[in-house]
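This text opens with one protein chain seen in two forms, each one given by itself as structure tokens under the names structure 1 and structure 2.
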Structure 1
Amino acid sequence: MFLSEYASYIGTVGATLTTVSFVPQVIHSYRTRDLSGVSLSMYSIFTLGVGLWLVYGLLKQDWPLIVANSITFCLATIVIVLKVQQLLKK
């Protein structure tokens, strides 16, 4: 029981960190408009994957999953938009 609660706590912190981690990438990309090192393939596949996680969360009515994946989906989409903007300018 204790181990289970402890695991949930670790999982929650892990989920929060992986979600929040995209904030500095968005800020960095927005400020510098330098996305040359960012892989569009990576963000496209990643965002599609997060979108499916979101559908999974919605089907399961799992609110932590829905909230975390909605935020990640939006942040990753902003990076994609900035990357495509940079590619179109070239």
Structure 2
Amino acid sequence: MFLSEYASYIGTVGATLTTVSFVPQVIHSYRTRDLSGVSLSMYSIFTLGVGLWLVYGLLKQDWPLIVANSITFCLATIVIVLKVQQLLKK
């Protein structure tokens, strides 16, 4: 197996793990509607970064980057929307 094939597998596993890591936060936030421990500025900056990684993946036509960052962008956006809703209710 060539080194570039290993790199693709490593990238795919890394992208999958980082994407899946957001699922528990989104589920907890959605169920409890308690986002008191969530920083809006951190999630906003993070989501912008993920969006830029998504654009980069699209430009490079790198499917692990595209898929992982599309999903992560959606999950992080859900948390931001829930946090903004919580702030507006105060």
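From a predicted model like this one, the values you see are computed outputs, not experimental measurements. Counting starts at 1 with the first residue of structure 1 and goes up one by one along its sequence. Rigid core here is just the name for the largest C-alpha set that superposes within 1.5 Å across the two forms.
S.K.: Only one of structures 1 and 2 is the form predicted together with a further copy of the same chain; identify it.
M.R.: The form predicted together with a further copy of the same chain is shown as structure 1.
S.K.: When the rigid core is used for the superposition, does S21 move between structures 1 and 2 (threshold: C-alpha shift of 2 Å or more)?
M.R.: No; S21 is a residue whose C-alpha shifts by less than 2 Å between structures 1 and 2 when the cores are overlaid.
S.K.: After the core is overlaid between structures 1 and 2, has the C-alpha of I10 moved by 2 angstroms or more?
M.R.: I10 C-alpha, core-superposed: shift of 2 Å or more.
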